[in-house]
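Given next, in C-alpha cells, is a single chain: the form predicted alone.
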Amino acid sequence: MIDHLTLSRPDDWHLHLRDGAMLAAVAPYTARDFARAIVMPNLVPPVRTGADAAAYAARIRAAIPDGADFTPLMTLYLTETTDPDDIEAAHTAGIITALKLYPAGATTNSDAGVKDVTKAHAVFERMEALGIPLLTHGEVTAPEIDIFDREARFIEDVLDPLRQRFPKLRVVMEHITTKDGADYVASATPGSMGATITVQHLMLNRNHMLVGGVRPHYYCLPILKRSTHQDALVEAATSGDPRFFLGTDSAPHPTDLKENACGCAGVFSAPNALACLAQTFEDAGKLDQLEAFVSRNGASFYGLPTNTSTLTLERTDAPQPVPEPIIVGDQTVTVFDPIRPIHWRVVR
C-alpha cells in the first residue's frame, strides 16, 4: 500500500474567495495547498471590468500570508453589456485569465448574469479571436425545468449551439455534475473544451443530502445528482483524460446562513480538498492518476507550466478528523465533511 504521495503542487481551477473579512479568513487555506487558482467574480457588486479585477487581485494578495507561493488568476463576470475592448485590454495586460458566464439567477450572486446569450456575441467573437476561455455555469434557469435536469438542458439549449456558432471559442464547463456533462466534454477535441469537477460531486450524491433528513451543508449548485452520475464523474476524474481537472468550487458561507430556512448554496472544502481527493482516488484504485487531475491537466488547458514545487500527502492508519469550523468575526464557516473515513493528510 502506498503511504506517501508527492505531487507537482496542485492548482484549483474554480474557487470562491469572497471579499472583506471572509476573504481574509479563507484565502490562507487555499494558498497553503494550491499554487494557483481561478477566482470567481461573483462578488457584490460583480467583478465586471479590468479595473475591478485588478483591484480585487490586490485585495487577494493582501490576504495571502507572508511567504506563501500563491497566484490568483482573475476572471470577469460576463454581462450583456460587457465591453469587448475592455476585456481585450485586461487580457493583454495580464490582468484576467478568463470570463465567466452565469445564467441569471443560477447560483449565488448571479442576478446580474446573462439572460440572452445572443447579446454577448460580440464578446464571444473577441474571446474566440484572442483565445480567452469562457467558463460556464452550466445550468438553465427557466422555472419550468426541473433542477436535476438543468445541466443536460444547458448543454442542449445553450452550450452546444454556442460552440457551433463559435467553433474556436475555448470553453470550460465548470463543476459538471452529470454523465451528460462528462460525455459531452469527452467528445470534444482536447484543448478546445475542458471541465472542472468538485470534491463534493465526486464523493457524494443526492441521497447523502436528502435521505434521513436534509443536510444543508451538502446543498450546492449545481445540485448533487444520482449515484449513476457520481460514478460517471469519478470515472472521468480518475481516467487521466486531459479534459478533466480539479475545480473545488470551494464556496464559504456563514454556518447560520447554511443552516437556515432558505439556506445558501455552497460547500467550503479548501481546508481538506486534497486529502479527500487522495482518498477518492485510492478507493477507485487510481492514485496514479491523482497528479494529472490536480496538477497537470488544468495547467495544460490554460497553457501554463506545471508547477515545479511539490506537495506531499501521507497515508495514516487512523482516519483524519474533519477540520474544525473556521472563525470569521462572530460567525463560523463549516468545513466539508466527506462522511467516509479519510486516511490522507497533506504534510507539505
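A residue's number is simply how far along the shown sequence it sits, counting from 1. A quick note: this is a predicted structure, and the numbers were derived from the prediction, not measured.
The same protein has a further form, the form predicted together with a small molecule, not shown here; the description that follows concerns it.
- Not displayed here, the small molecule is kept clear of L274 by more than 4.5 Å at the level of heavy atoms in the predicted complex.
- Although the partner is absent from this view, A251 contacts the small molecule in the predicted complex, with a non-hydrogen atom inside 4.5 angstroms.
- Contact annotation for T82: none of its heavy atoms lies within 4.5 Å of the small molecule in the predicted complex.
- Heavy atoms of C220 reach within 4.5 Å of the small molecule in the predicted complex, making it an interface residue.
- With the partner omitted from this view, the residue of Q230, T75, T107, T196 that lies near the small molecule in the predicted complex is T107 [heavy atom within 4.5 Å].
- With the partner removed from view, the residue among K225, R243, H175, R170 that has a non-hydrogen atom within 4.5 Å of the small molecule in the predicted complex turns out to be H175.
- Checking 89-97, 258-266, 151-159, 180-188 against the small molecule in the predicted complex, the stretch whose residues place heavy atoms within 4.5 Å of it is 258-266.
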